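Next up: a single chain in structure tokens, the form predicted alone.
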Amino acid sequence: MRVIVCVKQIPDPEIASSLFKVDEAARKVIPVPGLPMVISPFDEQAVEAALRIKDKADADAVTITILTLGPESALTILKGALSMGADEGVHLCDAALEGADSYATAVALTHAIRKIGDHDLILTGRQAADWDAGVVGCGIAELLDIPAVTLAKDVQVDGPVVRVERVAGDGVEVVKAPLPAVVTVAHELGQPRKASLRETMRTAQKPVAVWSAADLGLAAGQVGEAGSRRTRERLYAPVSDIFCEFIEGETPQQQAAALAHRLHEDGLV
């Protein structure tokens, strides 16, 4: 059984938002020098979901492949997933792949999954913790024409079927789907494990393939910014102006009446 986990490198979410700058003319975020990059937390939980599946099966019967798209620095998060216990990695690293929107990202990842070969389950985070779009996983399922189950808090494989306990608005629900399938994992799965010393030492021996767009059979115009379908009309840092007004009144009743009058003037009540 092969489980493929898609992971993404993002700026550390713990970094203060005030450090980020926006080039409104170019409609791009200006990179912050020295900004630490980490694996998207939801993707890390997807890795944990794969490892739990492997824990419950014969270890030799399950192969976990980590797939990431990003610059050379993304190799760090790939190695981190391997040190958690994954078996092998694939790094899509090519300037032609940069600047991709969700669609172009899904296209590149789908071609990589096909190149990897036989697979039973594809796991992703529920969304990337930078842009929070949450559509790449479902996009992969659409392009591969296989089922997709979102917002998983528990993933179990039972023969040819995946059983997913997913987060619903008023509780949880259980969904079963035939394999192969895509499952996006939510933070309700629980805390991912830390890298063990044993697996960290073994990471250097674990195979990592590096593929370009050409290796995937993709032309430059099909991927990256050139292959994107998103049209970004504006990107800006919102300005928050706070105005505080004290409502006068000698008694609480007078203050309440004055507040009601003020709200009525502004058309709020």
Partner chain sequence: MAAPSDILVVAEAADGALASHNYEVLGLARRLADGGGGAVAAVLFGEDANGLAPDLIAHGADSVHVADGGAFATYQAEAWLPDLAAIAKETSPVAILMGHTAMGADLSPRLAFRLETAVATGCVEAEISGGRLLLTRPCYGGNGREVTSFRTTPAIATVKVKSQEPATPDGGRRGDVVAVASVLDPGDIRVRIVGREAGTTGSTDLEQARVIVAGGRGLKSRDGFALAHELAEVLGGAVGASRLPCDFGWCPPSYQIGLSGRIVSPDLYLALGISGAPQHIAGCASARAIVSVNTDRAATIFGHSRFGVIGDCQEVVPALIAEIRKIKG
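Given the structure is predicted, the values throughout are model-derived calculations rather than measurements. Rigid core: the largest C-alpha set superposing within 1.5 Å between the two forms. Positions refer to the first chain, counted from 1.
Separately, the form predicted together with its partner chain exists; it is not shown, and the next lines address it.
Taken together, the three residues A133, L259 and L263 all lie with some non-hydrogen atom within 4.5 angstroms of its partner chain in the predicted bound form. Per the 4.5 Å heavy atom criterion, its partner chain in the predicted bound form is contacted by stretch 124 to 132, the sole one of 89 to 97, 124 to 132, 111 to 119, 193 to 201. Though the partner is left out of this view, T150 does reach within 4.5 Å of its partner chain in the predicted bound form, counting heavy atoms only. Mapping the unseen interface onto this chain, P178 counts among the residues with a heavy atom inside 4.5 Å of its partner chain in the predicted bound form. In the predicted bound form, C138 approaches its partner chain with a heavy atom inside 4.5 Å.
In the predicted bound form, none of the heavy atoms of K79 sits within 4.5 Å of a heavy atom of its partner chain. Within 4.5 angstroms of its partner chain in the predicted bound form, the stretch 16 to 38 places a non-hydrogen atom from each of S17, F20, V29, taken in sequence order. Taking the rigid core as fixed, one finds a CA shift for I242 of 2 Å or more between the shown form and the other one.
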